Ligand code: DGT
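Consider the single chain below, provided in structure tokens and representing the form predicted alone.
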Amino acid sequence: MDKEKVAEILVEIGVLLELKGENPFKTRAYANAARTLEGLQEPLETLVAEKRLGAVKGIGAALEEKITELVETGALGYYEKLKSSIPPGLIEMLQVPGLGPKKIRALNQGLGVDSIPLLEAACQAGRVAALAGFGEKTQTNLLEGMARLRTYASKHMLSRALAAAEPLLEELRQHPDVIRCSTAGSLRRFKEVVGDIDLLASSSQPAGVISFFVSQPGILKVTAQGETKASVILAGGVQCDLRVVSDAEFPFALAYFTGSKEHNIVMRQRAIQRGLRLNEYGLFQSQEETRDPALRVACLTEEDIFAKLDLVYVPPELREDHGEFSAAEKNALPRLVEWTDLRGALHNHSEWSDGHGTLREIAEHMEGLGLEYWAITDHSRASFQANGLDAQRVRAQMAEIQQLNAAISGRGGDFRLLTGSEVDILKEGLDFDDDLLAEMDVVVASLHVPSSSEAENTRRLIRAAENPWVHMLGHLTGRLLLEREPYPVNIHAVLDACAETGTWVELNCNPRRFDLDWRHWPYAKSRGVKCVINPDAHRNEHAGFLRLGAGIARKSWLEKGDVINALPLKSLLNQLKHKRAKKGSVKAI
């Protein structure tokens, strides 16, 4: 078992112990041990094999024994016994937004609540509001959280679906009877949230491919299996469907099952207007619906289908009936950004605040990935829960970054860490004064504690955009997918302000955010607002979010020229200075 999984289990043990009411020092020991493992300077496996784990500060004999068991066997008897000692309903209640172990324990002890249905009943009866430490507002929030949980129960984040689909797809590619294969559905269209995974393959031996598919590791349950289709449940509860078609049918099935429904309706209408019929089996020279292969128009690829309907090829990400047809008729579709266009990122965290890497570790990792730059924008002082930096710590961090950059340059390296901050947008201004912001390479302004008022949130964001030292607004709507709705804000008004002041807007590509939403970027682009695709990285591996962000940017109709961090370092530095030379402002609303 790798370090990240071990740390995850240690954190979960701490939560379970808190549910049981164990000594808080004991519960915190597991969380502290998890952080210690994440910060190790050498492989955990090496420390275990050489029996040196006990020498690491914060890892006592009991923890050393448990961690060793996890690393060597991939399981932990203590963990399994602990889980089995707690009613499953209490563990499920942890899924309810705003409900942690302490509150769950209080609900269980005070009201006998030990499941989500019982919690909902207690809230509806007003019993939760009457419980000490809760109140009407908490009760209302819990009811809203449970309603969202029901809504999102069958939904999955794009990142989880991709992680589940790609190994299966790779196995299918290796199968000798598979000719072609691909993802389809909302996953192929790169929707931020998907209902299930659709896979498509072509073969002359479909039954064998289906049998191979349902035997893959990671499949928890086979819910349906036929000659040409199978449905399975994967780890995490994601449903995955595989269809196997003939290779002649493959491009038509791929287009059909990719969707969207609205896009497909227009495609079928275009076929009918040309005396043809289009369905999942083919494009047919027929006035009626048919599957007759003799009438099928030969199309080897999806590109051929679009050409037969007098369209240039529409990339899957754009197939939402959001203007792609008029653009495709005119050969005016954008040349969409690729993830390989990205040269770095401008919103990231280190262990100075709530990240998990030293500055040196981050620099070495990002340079090793071939990136040109990486901004360190740790939280400002108002984000005390994230160990936000005060002015003194900011300046100390900048000095360390300068030393690291000098060392990199001294050995002939071109990579550069950029100094910066994710500065909180407070009620009456920014968390740092302009003199400090002026010393930084990059300033991201983010609203972390919004108002319930749309007008107030909009006013605060516009005021931040008007500040000449602010380069970009971070995660503009504050949404957390499948967890928290966007806070109220007049997005067009904020984008108009950004257009007038030259302020960039972040596409936060943490898979829990993807904020700003892809549906708003065409308007931003029309106003000349530039995008910055940022992973909001808290660990080195979060650099991989850039690939996801590029996919969402493609869905947003963005080109390389729309994305600031597609610029090489020299050009980026010039652009960072340009905003500060521009003194334009707009009237706050």
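All values reported here derive from a predicted model rather than from experimental measurement. We number the residues from 1 along the sequence you see.
There is another form of the same protein, the form predicted together with the ligand; it is not shown, and what comes next is about it.
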**Prompt:** For K81, is any heavy atom within 4.5 Å of the ligand in the model of the complex, or not?
**Reply:** no
**Prompt:** Quick one: is G185 in contact with the ligand in the model of the complex, heavy atoms, 4.5 Å cut-off?
**Reply:** yes
**Message:** I'd like to know if M440 sits close to the ligand in the model of the complex, meaning any non-hydrogen atom pair within 4.5 angstroms.
**Reply:** no
**Asked** Can you check whether L430 is within 4.5 Å of the ligand in the model of the complex, heavy atom basis?
**Response** no
**Request:** Check each of P97, G236, P486, G195 and return the one that places a heavy atom within 4.5 angstroms of the ligand in the model of the complex.
**Result:** G195
**Asked** Between the options R296, R463, R270, R189, which residue brings a heavy atom to within 4.5 Å of the ligand in the model of the complex?
**Response** R189
**Message:** Please identify, from 86 to 94, 133 to 141, 253 to 261, 344 to 352, the stretch that has a heavy atom within 4.5 Å of the ligand in the model of the complex.
**Reply:** 253 to 261
